[in-house]
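Quick heads-up: it's one chain on its own, the form predicted alone, in structure tokens.
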Amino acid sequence: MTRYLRLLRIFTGATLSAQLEYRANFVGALLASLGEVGVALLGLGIVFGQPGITSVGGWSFREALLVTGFFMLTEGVISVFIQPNMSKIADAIRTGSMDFTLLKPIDAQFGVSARHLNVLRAPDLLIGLGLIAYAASGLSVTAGGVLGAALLYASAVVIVYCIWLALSTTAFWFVKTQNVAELFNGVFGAARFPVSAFPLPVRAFLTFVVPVAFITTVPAQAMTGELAWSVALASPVVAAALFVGTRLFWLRAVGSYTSASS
């Protein structure tokens, strides 16, 4: 464990030095973050700005804003921690540099998952936390609700990581997987709204096929105290099942890997 923590410090230090070298990069990333939250808030404004609309799918404006906050927080987690690593798996396989990762005396999955950070998108994390705090300030939120939301959001992060890793692992066979990742991004965009706001077939798809409901809607429901115990228990079960399944998929992919130079 100490060795892995030391490697994380080394990787983080190198990333910070490279990305913060130019201030213009930070300004550009900040503008991108503000534009993204602007689009999300615009969608809420259009829905709740219609005359006579006070709730959508049983969610008030503040409650829906809470979901948007978790969406922005997850966008930050993806942009800062997950995507910078997953996007390089295909390149490593194509160029043969995956050989060096597999030869190192550390777990290869850890090596491809924790080597890179995009610290320039850290404002997404702060914006998401800010939206959650603002939305919660106008709701009846208890300490137990906050703790439950935090625990369920940890499961949500595992779910997101597993989906990204599974999609990226297909590069061992198909090499180019950018389109698949973009497809998930398109579906994940629906997570900025409460899942109950969608028709029943779409709701089922976003819960059982691509489980984005567990990523934003479920933590928001936990924070407001409106989450059923069955769903609260299902979230970590889904996360654990995805983690085990993704781990086995990764090991199978690595077992079938042949060097680009062979």
Partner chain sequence: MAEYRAEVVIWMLSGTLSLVMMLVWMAQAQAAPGGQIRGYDAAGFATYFLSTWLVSQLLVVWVAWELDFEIRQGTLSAKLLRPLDPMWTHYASHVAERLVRIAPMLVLVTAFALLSGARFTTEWWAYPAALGLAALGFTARFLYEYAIGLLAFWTESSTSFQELAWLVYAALGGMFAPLDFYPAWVQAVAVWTPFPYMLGLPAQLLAGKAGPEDALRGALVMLGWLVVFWFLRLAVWRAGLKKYGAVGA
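Treat the numbers as computed from the prediction; the structure is a model and nothing was measured. Numbering follows the first chain given and starts at 1.
From this point on, the text means the form predicted together with the partner chain, which you will not see here.
Checklist entry - Where, among 194-202, 62-70, 209-217, 224-232, do residues come within 4.5 Å of the partner chain in the predicted bound form by heavy atom distance? => result Selected stretch: 194-202.
Next on the checklist: When the partner chain is placed as it is in the predicted bound form, are 55, 183 and 190 each within 4.5 Å of it, taking any non-hydrogen atom of the residue?
Outcome noted: So, yes: the whole triplet contacts the partner chain.
Checklist entry - Taking 4.5 angstroms as the cut-off for heavy atoms, does residue 46 touch the partner chain in the predicted bound form? => result Yes, residue 46 sits close enough to the partner chain in the predicted bound form that at least one of its heavy atoms falls within 4.5 Å.
Item to check | Any non-hydrogen atom of residue 179 within 4.5 angstroms of the partner chain in the predicted bound form | outcome: Heavy-atom contact with the partner chain at 4.5 Å: present for residue 179.
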